[in-house]
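We begin with a single chain expressed as structure tokens, specifically the form predicted alone.
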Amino acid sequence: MPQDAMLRRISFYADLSDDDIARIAEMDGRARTFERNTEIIDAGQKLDCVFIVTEGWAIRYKTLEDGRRQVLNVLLPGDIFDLQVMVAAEADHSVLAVTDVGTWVVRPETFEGLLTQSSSLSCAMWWMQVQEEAFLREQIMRNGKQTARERIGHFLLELHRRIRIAGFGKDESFRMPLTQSIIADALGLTPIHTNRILRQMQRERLIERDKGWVTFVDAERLADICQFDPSYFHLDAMRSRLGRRV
């Protein structure tokens, strides 16, 4: 069912009862697919629904008048946007489909009702929002203080961990459909410099890239280089509450 991605993501943060699972499965909405490189949301667009990513990758971004773009974050299966619809009438950012993207579109009142019916679902959503804020803080630190090499390494390690939580990828590798231009716009770099750093990382046997896949050859050394500390994912509490390996 299209809600599987959301169920998989939320189940990572909460012990769901059979009733909770049934509520998600029966959540009223409609499937909508966006082709690669199409806008899902345009800045200034009137918002009237919440989107749940069921498959594919998208980016949230803002642009300046001269066309320069800042990628704010990457949206993966199980991610939910735009909760801004709960409090605002217009989008203050844009969302672009990087690959073909499947979504489950839900009315805001339906989504709100889902959370008010279950404390477990409400708590899981709270954890997800805490994590979203943590990602944005790391983005500010990355772009404000780290070198280009550190930024790219940190970004790749973060994406890999997120993808593993979403139930995709492998222990040391993941498929990454982001172009070097998107990575550059996320990290405040130029595409040329991004390409140079990625090649350098390959020469240093930190990563390998092949047909859209990124493999960590020495993830521990890369984490040391870019000071990647996954504690900002705030999963320790989940580890103790749910007894899961994260």
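Quick note: we count residues from 1 along the sequence shown, nothing fancier. Note that the structure is a prediction, hence the values are computed from the model and not measured.
Another form exists, predicted together with the DNA; not displayed. Remarks below refer to it.
- The partner is absent here, but in the predicted complex a heavy atom of R199, alone among K62, R199, R221, R32, sits within 4.5 Å of the DNA.
- Residue T179 is the only one of T179, T215, Q70, T38 with a heavy atom lying within 4.5 Å of the DNA in the predicted complex.
- Contact check for A148: a non-hydrogen atom falls within 4.5 Å of the DNA in the predicted complex.
- Although the partner is absent here, L189 is a contact residue: one of its heavy atoms lies within 4.5 angstroms of the DNA in the predicted complex.
- You can rule out all but one of 51-59, 190-198, 38-46, 22-30: in the predicted complex, only 190-198 has residues with a heavy atom within 4.5 Å of the DNA.
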